[in-house]
Structures are given as C-alpha cells and as structure tokens.
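As structure tokens, one chain now follows by itself in the form predicted on its own.
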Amino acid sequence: MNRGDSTIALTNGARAREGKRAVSPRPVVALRSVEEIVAIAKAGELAARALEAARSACVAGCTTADIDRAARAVIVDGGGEALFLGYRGAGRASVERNAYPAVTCISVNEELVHGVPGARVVCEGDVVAIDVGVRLDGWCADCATTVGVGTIDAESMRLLACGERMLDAAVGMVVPGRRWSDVARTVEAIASDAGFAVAVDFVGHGIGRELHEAPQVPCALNAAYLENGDFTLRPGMVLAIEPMIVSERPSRNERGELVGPRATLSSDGWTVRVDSGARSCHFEHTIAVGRLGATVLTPSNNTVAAAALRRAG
C-alpha cells in the first residue's frame, strides 16, 4: 500500500491518480542509525513471513479472505501490528474515507492495487498481487509480491518476470550519491522495452516510524518530479521500492513522459481496477541504504541479516 502523504481522488471512468506526483515543498528525509535500521529489519522479517504465508495460501479454490487470514495469523503470532488495517490515507479525502478493513491488499488480475480481501475465489491461471505492511516495536516495513496460481499463460509469466526484474534492478542500483531519477529512468525503461505500461500514479515511499514517509520513490519520471521531488541516495535512508506494471502497451504524453493505464476506483472505496481489464503485477521490498549499497529488510528467506546491515551501515 503505497499512499504517501497524498489522497486518492478517483471517479468512475477516470484515470486512477493519487496526487503524489506533485511534491511541494521538498520534504525532509529521515536518516536512520544502524540500530534503528536493525529494528526496522525485525519488522521487515515479520512482514516477509506474513507475505510468505499469504503466498502459500494463494491456491486455486481459496478466497482472497483466506489469504488475508494466513497473513494475519503470522503478524499476530509475531507480536506485530497490521499497518493497513484501519488505514484511511492522509489529507482531506481521509476524513470521508472508510477505514481499510483488512490486513493485506490482495489484487487479482485486472485489479491494479488496493484490492480488498473478501469472497472472491482465486482460480487456476490467475495472477494475485499481495501487499503486506507491519509495525513491530514502533517500526514499520512493507512488502509485496505477485503470485501466478497454478499454470499461468505466457504473457502473464512475462509480466511477472518483468516486474521482478524492475525491482531487482532498482535495488541493485541503490548506492550513496546516486540520484533516484537515475534509478527510475532505468527501471521505467525495463518495462517500456518489454512492452508493458508502468502504473506511474502509484509510487514507493520512505518508511520508518510511519508507513508513509518522505521521499516519494517512483518507478517512472516526469518533469514535475525532476524539478521538485528528486533526491540523492544517502546512507541511513529507508525506502519502500514498489514497481507496478500492466499488460498494456506503454503510452506517452506530448512531453514524452510515460502515462499510466486508465483505471477506476471501485465502490468499496479502495480497489483500483484497470479499465481495459488487462492484468497487472506489483512487487515491493523495504530497503536500507548503506555505504556499500542496499540491504533488503524484507528478505524472502525470512532472516534478519544484522551482520550485513552493520557492514553496509
């Protein structure tokens, strides 16, 4: 769930946008100590375990509520707090918005993001994006993956592989002194070259004491971000990096900037669906910037590499 300090303002038939693209004034980005990053990593380990439990529960015939329950059990047993449960967003829209009712966001096929778990049955061949956020001892972590259920078609396999490649490339490019725009430019090219559209209106974020902190961490660029939102990677930054792509041809505006696929907010107030019905995917890690590069704080192997954190920090 990558909502930052903005609000979702969608109407039926309108393009999904959250207003996160305009950044003014430039926010202050927290730099965490090694001890603080180790604490975030503990939250990340729990989030990763919850995500793995949800992934394991994601089989043909289950409901999205079943998947949510699997993640909830791990978070509760681990002494954590589900960050998404009760979340309303920020800004003016949060006053009128219903609180998010579940532990995870589970988005199936044409659901781009923020899918609310419920009675929907997962079928063979579906692609299911699962997003988990956890707070543990006052520190937050956020991670997501997309699961192919059983045997999926070749185009869906290619979509998921591209999303994973984007996340891996972004993490691999994180080094102190690099501008985030350099990373985003490379990552958006991976999607465009593969023939997929980037969901440019949904971006990653800083994370720490709160789920959404500065800075914004997009996987595509526009002039407004370059002027007002770009930042230099520094040791101690903790970021949630989360590419989302759609199985549609990429399109650009008159300035040559990527334009996201058209999408609509559902009546539940949260689930965003791609208007064309095309499938989408979502991958995310929480990472810390160290002197030598990035350390993934939501590792899939369910370990907290404290020694590696100290080497990188």
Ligand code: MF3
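Note that residue numbering follows the sequence shown and begins at 1. Computed from a prediction, not measured in an experiment: that's the story for all the values here.
Below: the form predicted in complex with this ligand, not depicted.
- Taken together, C105, H205 and H212 are fully in contact with this ligand in the predicted complex: each brings a heavy atom within 4.5 Å.
- For the residues F196, W139, Y100, W180, the 4.5 Å heavy atom test against this ligand in the predicted complex is passed only by Y100.
- For the options E188, E111, D201, D131, the one in contact with this ligand in the predicted complex, meaning a heavy atom within 4.5 Å, is D131.
- With a 4.5 Å cutoff on heavy atoms, F84 counts as touching this ligand in the predicted complex.
- Taking this ligand as it sits in the predicted complex, the stretch 229-248 comes within 4.5 angstroms of it through a non-hydrogen atom at just one residue, E242.
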